[in-house]
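Single chain ahead, written as structure tokens, the form predicted on its own.
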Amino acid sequence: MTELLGKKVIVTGGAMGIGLATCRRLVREGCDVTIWDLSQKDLDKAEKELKGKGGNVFPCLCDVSDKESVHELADQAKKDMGQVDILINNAGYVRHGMFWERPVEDAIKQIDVNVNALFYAIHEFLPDMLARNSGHIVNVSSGVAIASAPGLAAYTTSKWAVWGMTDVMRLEVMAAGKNGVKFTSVHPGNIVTGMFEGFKVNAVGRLIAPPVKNHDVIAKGLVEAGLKKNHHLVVRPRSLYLGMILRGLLPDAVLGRIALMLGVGTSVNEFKGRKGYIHSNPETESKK
């Protein structure tokens, strides 16, 4: 079991949702936390709350898809906290609708935020972790990387990429003999509030993969299973593992029919979640 007391952590998209729930748990564990987020308003609220709980918190306004901004704030985090022991790549961006119905720029933006931004951040901190042979990088993927959902083509593509990135980098550091550096991929199912509010499958689908009731369910899995127990893969709800098993056992045509029977074909029809960054300013987003 890994002790978190005194660890220095960066959480991207940490001012709300899964990110903020994770920051709350990290502060309780005695970590110093740097929060990168796009919304100054949400940063201010998060800072006030977390410092009120006794946390040592460093809020930073950051667009994670801006390589230069990430570089500058990485240097600032090292100055503020001394070093970075844990990097949690949580910030995300989504647009829904069938791929051919959306501007291709929407897809490119999702790749920029959900994939390229992770490359930028990891490249800033991984070399120091390798030099110390100590550190942990957590990448938040998604349940749709296990079981795809029509209407989320670019988002699903990006989250498959996050899972693959996490897996191959884990093997790369092992091949380099740096077993003290850990990687974890986190796969949240449908959370009933926040970015994916309104996403739903039918009753049978909900029975197999029940909606996640709040963001802390994911934060708990990330911290307790991912960071403390060094699990490479954290999936909530755990029933999503069934998707991996069926993918290996069933022909693609059969698997596709089952997925449609569970209601995934219409899962985004009542989508109400906040568009854009999960840590965005809703007033700004509404003008786009």
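Residue positions are given as counts along the sequence shown, with the first one as 1. None of these values were measured; they are calculated from a predicted model.
This protein has a second form, the form predicted together with a small molecule, left out of what is shown; the following refers to that one.
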* To do: Check each of 50, 64, 227, 31 and return the one that places a heavy atom within 4.5 angstroms of the small molecule in the predicted complex.
  => 64
* To do: Using a 4.5 Å heavy atom cut-off, state whether residue 38 contacts the small molecule in the predicted complex.
  => yes
* 4.5 Å heavy atom contact, residue 96 to the small molecule in the predicted complex -> no
* Asked: Should residue 16 be counted as a contact of the small molecule in the predicted complex, where contact means heavy atoms within 4.5 Å?
  -> yes
* Decide whether residue 155 counts as a contact residue for the small molecule in the predicted complex under a heavy atom distance cut-off of 4.5 Å. => yes
* Asked: Out of 170 to 178, 201 to 209, 74 to 82, 187 to 195, where are the residues with a heavy atom within 4.5 Å of the small molecule in the predicted complex?
  -> 187 to 195
